[in-house]
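The chain below stands alone and is given as structure tokens, in the form predicted on its own.
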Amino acid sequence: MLDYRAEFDAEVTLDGGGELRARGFRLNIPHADVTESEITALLVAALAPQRVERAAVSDVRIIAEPHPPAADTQAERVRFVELSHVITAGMVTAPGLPGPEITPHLTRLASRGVYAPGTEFAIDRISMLGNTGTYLDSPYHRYADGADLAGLPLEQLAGLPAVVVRAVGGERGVTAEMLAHVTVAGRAVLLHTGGDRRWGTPDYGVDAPYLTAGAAQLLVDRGAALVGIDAVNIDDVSPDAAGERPAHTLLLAAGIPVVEHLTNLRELPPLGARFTATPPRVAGFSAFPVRAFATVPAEEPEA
């Protein structure tokens, strides 16, 4: 097995001023047939959180090196990064929506009369909206003939290569221009806006970040597998939006699931993580909480 790196010269203009020039810059690449545009996108992602106005690469040389042998027979060592909020009784996910009700169906005390001496169990009941906590929207959420939770393939939900788009501290809307140099085909596109910092507060849904219609269309056109955001909604929910939901409309029409209310995206690298968000297989249901997480290659300790 071989690992591949690209060596190249680069010229970068930063958004807001400043330039970078590099000779013999090296980046890890996924395969030997990577294009210059893909290398440019990888370079822009590697420079995050710096916002790039323009980037160009030249004199590209692909280097192949033997993949180092595994230290043992175990699977590749990874660290797990939690990306979902905890669900608690009565919590508010989005302003105006009721919180979950969590009650016992069979208490441990009552179960003692059902099972053998010394054996007890708790059986719990939860009543909640599908749109609770960190959840996934299926196409059925927007379209009556779209795939419901039971119709989503695991290949679109588990172990997806992720690209993290840094959009913290800028304009509310994540635009097509901000995604122009990002390679999204077959990937989970995770929008790190910092909106989760207000989770659980009255301001969580106020002036929240969102994905613009133009950016949603770009993600559809370039074949994103899934789109997630660490904010109250993938769409603008301010009064000025007048109830329009273009991001949901475009993404779900293309069969691209949406995950909302993510958290902790700051812990992920721009590239290299794999993202999972799997809801239960409920037929005729449009959205449900997920245990969203990512795996990131763990750094080996120095000898």
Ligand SMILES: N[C@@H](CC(=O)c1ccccc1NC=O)C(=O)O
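Note that residue numbering begins at 1 and tracks the sequence as displayed. In this text, all values refer to a predicted model and were calculated from it rather than measured experimentally.
Absent from the display: the form predicted in complex with this ligand. The rest refers to it.
- Using a 4.5 angstroms threshold between heavy atoms, D137 counts as touching this ligand in the model of the complex.
- At a distance threshold of 4.5 angstroms between non-hydrogen atoms, N131 is in contact with this ligand in the model of the complex.
- Using a 4.5 angstroms limit between non-hydrogen atoms, S84 is distant from this ligand in the model of the complex.
- Looking at R274, you'd find every heavy atom of it more than 4.5 angstroms from this ligand in the model of the complex.
- Shown without its partner, this chain lists T212, N233, T193, T183 as candidates; in the model of the complex, only N233 has a non-hydrogen atom within 4.5 angstroms of this ligand.
- Here is the short version: of R245, R266, R51, R54, the single residue with a heavy atom within 4.5 Å of this ligand in the model of the complex is R245.
- Figure note: of the listed segments 218 to 226, 91 to 99, 104 to 112, 167 to 175, the one touching this ligand in the model of the complex, with heavy atoms no more than 4.5 Å away, is 91 to 99.
- In the model of the complex, this ligand lies within 4.5 angstroms of at least one heavy atom of each of the following residues of 249 to 273: E260, H261, in sequence order.
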